[in-house]
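Presented as structure tokens, the chain that follows is alone, the form predicted alone.
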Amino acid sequence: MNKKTLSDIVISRAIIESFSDKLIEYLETDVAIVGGGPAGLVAGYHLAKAGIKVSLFERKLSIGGGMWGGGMMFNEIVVQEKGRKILREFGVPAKKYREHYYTADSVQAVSTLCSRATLAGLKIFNLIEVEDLMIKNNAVRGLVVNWSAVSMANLHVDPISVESRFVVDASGHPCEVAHLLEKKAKIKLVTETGGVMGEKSMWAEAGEGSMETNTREIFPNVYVAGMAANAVFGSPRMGPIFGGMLISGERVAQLIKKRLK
């Protein structure tokens, strides 16, 4: 009786060939999201659910941004009513703390957002960062990406390009795509100053209230969402309340879906 054996080389080939096929398929995409926090995941979910080809690039190993740690490593998050409705759509339970305040387990929230988004069709590429943009005819046409380990090790390794019709900067506090537009391409954004205005100090109510309005196009084909939107437009940060992030992700997906119709 012949015993089936596992081949180390077959395992390696399976990983390399499967990943290569996935990456090659998504070198051309409708929407490229930069940043795998809650805003990026919610945006990716709604876009993929609508049948839109969408990919997400996250420089870190983990997906979920700052939501994992809740507030100061107490792994609970707070959302308001509109945020609770979005969590409920994903199947994440939220417990009422008092009027207008709901709490949810941050680990359960992040893992569920990630699972539902990828099952809807979002393709996530972690450990990859954006180091430049493809700009043609005064509009962004895609991303220039590299392994995040390359920059961490200070290696000189050339990147590759990803073509996309739209780019979403959901990179959080650093607003990396917006900074690339401003600093490297010397492009003026649609802000009061023409550049990244920078986030203001903590004020949860103002930060949450302004995020949906700040979620918009800042340069042809480039949208900002989540904390990146507040950082670009100079609004306050809001700490471990995440309803605005979820709402922003849903909002940017709606805006792009209208453009793609």
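One-based numbering along the sequence shown. Given the structure is predicted, the values throughout are model-derived calculations rather than measurements.
Just so you know, the form predicted in complex with a small molecule exists too; it's not on screen, but the next bit is about it.
Only one of K200, K60, K49, R216 comes within 4.5 Å of the small molecule in the model of the complex through a heavy atom, and that residue is K60.
Annotated contacts: G44, V140 and I187 are all free of the small molecule in the model of the complex [non-hydrogen atom within 4.5 angstroms].
In the model of the complex, the small molecule sits beyond 4.5 Å of every heavy atom of I247. Contact between E182 and the small molecule in the model of the complex is not found at the 4.5 Å heavy atom cutoff. Taking the partner from elsewhere, E89 is found to have every heavy atom lying beyond 4.5 Å of the small molecule in the model of the complex.
The small molecule in the model of the complex is not approached by A231, whose heavy atoms all lie more than 4.5 angstroms from it. In summary, the region of this chain contacting the small molecule in the model of the complex, judged by heavy atoms within 4.5 Å and restricted to 80 to 88, 187 to 195, 150 to 158, 124 to 132, corresponds to 124 to 132.
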